[in-house]
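Coming up is one lone chain in structure tokens, specifically the form predicted alone.
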């Protein structure tokens, strides 16, 4: 498929920062004030604009457009986040930086995380880890939780599904484990594409040495299908079916049998 508006930024992760506005400001697509599914507790979820991947099943395709949305300085953005500190404290919540790909704006993200840390706000980054290792290392000291979205574990299947290789992703995942970071894995279940026994066994072999706190299963859905049309793109997955309850249960039981803690959000 040819994407007429927003092609993958690059087949290789960015070496330098980034997609932000000179690093003194960044682009925010939207902010969700009372998020309940993007990390522990009640959270402010900040959707940063831009993403180097082009996942065929993306339900936030509008957020992948670089430099779209509203420009913020780190101070302005964290001031908005701070307004919910009462809810964070009572629920064990905090702020989650999502996207798009938040590491697409690595320097801006780092400055925001630093300010949140000074405010004693729990920080989470929801990321594909498709970024240069040095960009990841910028934010490790200021991130309490990495929510790593594994798109596909097989190299060729990952390339077809996202437009990029997963080589640097797996390298960065090992780095997080070596640095003893808190990791949650997010994995989208797509019938016949990510839930086959072959792919699941490969995933388990990668994750066992990583020892993530939990695996969050996200069944594929069509909720974001209209967004593709709104920005003039063809949705190749328009006819792809959602997984059945039986298929989901099978995958949950598979991971549980491998001694992983599994979270399933319908």
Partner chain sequence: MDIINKTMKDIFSGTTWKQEINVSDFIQANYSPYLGNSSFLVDPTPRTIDLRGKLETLQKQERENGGVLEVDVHIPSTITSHAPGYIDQEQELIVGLQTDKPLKRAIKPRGGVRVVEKACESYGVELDPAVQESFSKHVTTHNDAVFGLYDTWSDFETPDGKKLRSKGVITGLPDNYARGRIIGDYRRVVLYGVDILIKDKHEYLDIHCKFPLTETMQLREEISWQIKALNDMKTMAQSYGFDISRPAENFREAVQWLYFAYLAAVKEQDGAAMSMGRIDAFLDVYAEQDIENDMLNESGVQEILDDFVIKLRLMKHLRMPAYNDIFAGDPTWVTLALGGMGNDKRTLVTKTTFRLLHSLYNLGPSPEPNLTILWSINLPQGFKDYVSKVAIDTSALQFENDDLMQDQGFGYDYGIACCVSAMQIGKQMQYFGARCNLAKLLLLALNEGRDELDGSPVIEGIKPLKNKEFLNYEEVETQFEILMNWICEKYVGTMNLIHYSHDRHYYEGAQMALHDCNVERLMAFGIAGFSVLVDSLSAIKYANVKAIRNKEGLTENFEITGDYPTYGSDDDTVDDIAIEVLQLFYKKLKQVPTYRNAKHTLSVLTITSNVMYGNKTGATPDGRNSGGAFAPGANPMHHRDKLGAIASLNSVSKLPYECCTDGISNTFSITPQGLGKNNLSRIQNLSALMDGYFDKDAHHLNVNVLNEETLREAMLKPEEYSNLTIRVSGYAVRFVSLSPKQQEEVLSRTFHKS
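Values in this document were obtained by computation on a predicted structure and should not be read as measured data. Numbering follows the first chain given and starts at 1.
Missing here is the form predicted together with its partner chain; even so, the following discussion is about that form.
No residue in the set 132, 137 and 175 has a non-hydrogen atom no more than 4.5 Å from its partner chain in the predicted bound form. Contact annotation for residue 33: at least one heavy atom lies within 4.5 Å of its partner chain in the predicted bound form.
Among heavy atoms of residue 159, none comes within 4.5 Å of its partner chain in the predicted bound form. Contact annotation: residue 87 falls within 4.5 Å of its partner chain in the predicted bound form, judged by heavy atom distances.
Although the partner is absent here, residue 62 sits far enough away that none of its heavy atoms falls within 4.5 Å of its partner chain in the predicted bound form.
For the options 114, 181, 91, 165, the residue carrying a heavy atom within 4.5 angstroms of its partner chain in the predicted bound form is 91.
With the partner omitted here, the residue from 196, 83, 120, 71 that has a non-hydrogen atom within 4.5 angstroms of its partner chain in the predicted bound form is 83. Note on the interface: of 196-204, 232-240, 48-56, 34-42, the segment with non-hydrogen atoms within 4.5 angstroms of its partner chain in the predicted bound form is 34-42.
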